[in-house]
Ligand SMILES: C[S@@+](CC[C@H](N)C(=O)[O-])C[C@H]1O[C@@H](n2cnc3c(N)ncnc32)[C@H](O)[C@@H]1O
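Shown here is one chain on its own, the form predicted alone, set out as structure tokens.
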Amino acid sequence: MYPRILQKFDNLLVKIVDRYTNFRWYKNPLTKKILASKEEYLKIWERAKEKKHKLIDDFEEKSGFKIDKNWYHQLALHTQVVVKKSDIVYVHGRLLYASLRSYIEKNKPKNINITETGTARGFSALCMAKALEDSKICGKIITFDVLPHNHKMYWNCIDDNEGKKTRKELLKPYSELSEKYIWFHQGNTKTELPKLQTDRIHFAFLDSVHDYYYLMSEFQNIKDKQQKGDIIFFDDYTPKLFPGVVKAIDEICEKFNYSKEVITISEQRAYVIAEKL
């Protein structure tokens, strides 16, 4: 039997190595202070809720699936409403939910494997978890981010006014969904995605580093695990802001036989839903 004292030493060594490797992500990487009062975050939230998005409405109508709006907006208040110069837009949650439910309805898998890069505060992963729950299907969402899941920090969100929280604490109201469907994995996708032990990725959401080489690296670890009809959802298909992302997505769809449905909300926000042909 492995001596308990050695096991404790190994656990401590792993923690030390992890902290050293990911040191910068434990030092309040998003903000070192509270950026706004609860009232200010609520005002930003109200403005975001008032915006109309006909393209998204049409997409939901076509797919036949709509996420519960009250649930969706409440989640966004804690995970998407932040202080920044550009407008707050989180309609990708609606698109993810509708496209994932549509995929499930069309393909009727017994269970489903989903990979996400760029967890952030957990908004997208939870929207996909909601789709799995509403579809009454077994599945798992493995989501990758350099940000730690169990380290207290400021997140630039309304919850900061209650003190530093871990992501797990931030998402506590949604723990039933997250514990059932989501695996939170910390690390750089270039080193961590190749370790993913699954033969199939039915659905992927790629939204980590907005760079050509990072996106192509992530795709290389996914492409051989997808079959006809499987989906990759890409964020930030915006030529003026992220030309490298646009170049990578165009190359992926052209060279690797994926269809490309572009949904453009504005010059700052567009998405691509790519289906393996």
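Numbers for residues come from their place in the sequence shown, where the first is 1. Model, not experiment: these values are computed from the prediction.
We do not show the form predicted together with the ligand, though everything after this point is about it.
Residue contact with the ligand in the predicted complex: residue 119 places a heavy atom within 4.5 Å of it.
The closest heavy atom approach of residue 99 to the ligand in the predicted complex falls outside 4.5 Å. The closest non-hydrogen atom of residue 146 lies within 4.5 Å of the ligand in the predicted complex. Although the partner is absent here, residue 123 sits close enough that one of its heavy atoms falls within 4.5 Å of the ligand in the predicted complex.
Here the chain stands alone, but in the predicted complex its contact with the ligand, taken as any heavy atom within 4.5 Å, falls in 199-207 among 199-207, 99-107, 157-165, 134-142.
Just one of 214, 41, 59, 237 comes within 4.5 Å of the ligand in the predicted complex, counting any heavy atom, and that one is 214. Within 4.5 Å of the ligand in the predicted complex, a heavy atom is found for not a single one of 49, 63 and 74. Interface residues of 182-198, taken as those with a heavy atom within 4.5 Å of the ligand in the predicted complex (partner not displayed): 187, 188, 189, in sequence order.
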